[in-house]
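Here's a solo chain for you in structure tokens, the form predicted alone.
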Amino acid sequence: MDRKLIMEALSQVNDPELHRSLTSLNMIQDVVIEGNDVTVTVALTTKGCPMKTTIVRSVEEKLQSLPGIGKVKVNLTEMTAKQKLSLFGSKPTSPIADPNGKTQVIAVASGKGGVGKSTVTVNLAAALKQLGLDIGILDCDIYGFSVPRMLGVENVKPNAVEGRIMPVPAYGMKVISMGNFVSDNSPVIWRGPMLGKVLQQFLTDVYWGEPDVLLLDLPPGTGDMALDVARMIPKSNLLVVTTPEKLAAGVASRAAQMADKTNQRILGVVENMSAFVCPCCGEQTAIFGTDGGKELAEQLNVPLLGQIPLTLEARSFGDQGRPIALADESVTAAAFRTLAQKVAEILRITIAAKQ
């Protein structure tokens, strides 16, 4: 066994919370080689790290895949205060809000509730992750949060290190929601001004790193949170979600008009629940009408980026805490993958223009 070979293998193991390799985070404290047996000491960001079992398993699996390897032992320790300070910094910053940062921010908005905005947010995020992008999800719906349940992390509390909150890992993505801080699905009863403070904390106190894309699941309408997002993240893009009904599309146009007044770029329109797909014969029925998304896109002079069908499996996946976009064979998954490819292409054009 060669130390260089061991370190190269460990450079392919990521911390599940920080989404960076153990070597780049300086978490590998020591490597001891005795014949073909290897002992690795990993320094956790905090002694009570909830993902330590995952880290140990990942290190063991990676090293055991090397040819000629013998026994693999993983010892755990904790980073020193100096190491934590070097990693996280002493002052909270928000690279997400930095106009010159690499992170593309997509605020997913709707004019009214019940159009599947959170479903689109979660599944678009999962589909973008499948394209190889580093993805974060910020649930901005403080009162009506649903992202944790859709991702199966509703009872997972975030870990804190040196005053920074670690996003909750879910399907390889970084997630933060008010739902991860309250117990027993308790209601949040706050006045409007508190929302801006929570958003500020979620942007600065959460250790996001610099993901390629951060998706914001906005509450419906044009209230305080939507205005705070436009103020704190001026580079954010808007994705408008509607259903085919004319009423829903008309209400959604208000959110888009607000984005225009706050100088946010509108990426396009997504028509959710465009048609119900029969689970028996596959026939599609437009139970909510037709052309609402198309007409809204034409009114706003933006593209209709996707039409997401309504299926029973999409509902069942959501109840199980799994994004339907990750299903192997599904018309809904295929629609989200197509949507993700279109969004990724638009974002690449934006990135190229900035460079």
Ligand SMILES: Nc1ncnc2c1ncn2[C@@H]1O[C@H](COP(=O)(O)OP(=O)(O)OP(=O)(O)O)[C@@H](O)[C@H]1O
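As the structure is a prediction and not an experimental result, all values here were calculated from the model. Numbers follow the displayed sequence, beginning with 1.
Although it is not shown, the form predicted in complex with the ligand is what the next lines describe.
Quick one: 150, 309 and 314 and the ligand in the predicted complex, is every residue within 4.5 Å by at least one heavy atom?
Affirmative, all three are within 4.5 Å.
Using a 4.5 Å cut on heavy atoms, which of 166, 233, 273, 213 is close to the ligand in the predicted complex?
Of 166, 233, 273, 213, the residue with a heavy atom within 4.5 Å of the ligand in the predicted complex is 273.
In the predicted complex, which of the listed residues (179, 116, 158, 268) lies with a heavy atom within 4.5 Å of the ligand?
Of the listed residues, the single hit is 116.
Test of understanding: in the predicted complex, would residue 244 fall inside 4.5 Å of the ligand by heavy atoms?
Result no; residue 244 lies far from the ligand in the predicted complex.
Quick check on residue 136: any heavy atom within 4.5 Å of the ligand in the predicted complex?
The answer is no: residue 136 has no heavy atom within 4.5 Å of the ligand.
In the predicted complex, does residue 228 come within 4.5 Å of the ligand, counting heavy atoms only?
Result no; residue 228 lies far from the ligand in the predicted complex.
Report the stretch among 292-300, 22-30, 314-322, 46-54 that approaches the ligand in the predicted complex to within 4.5 Å, counting heavy atoms only.
Heavy atoms within 4.5 Å of the ligand in the predicted complex occur in 314-322.
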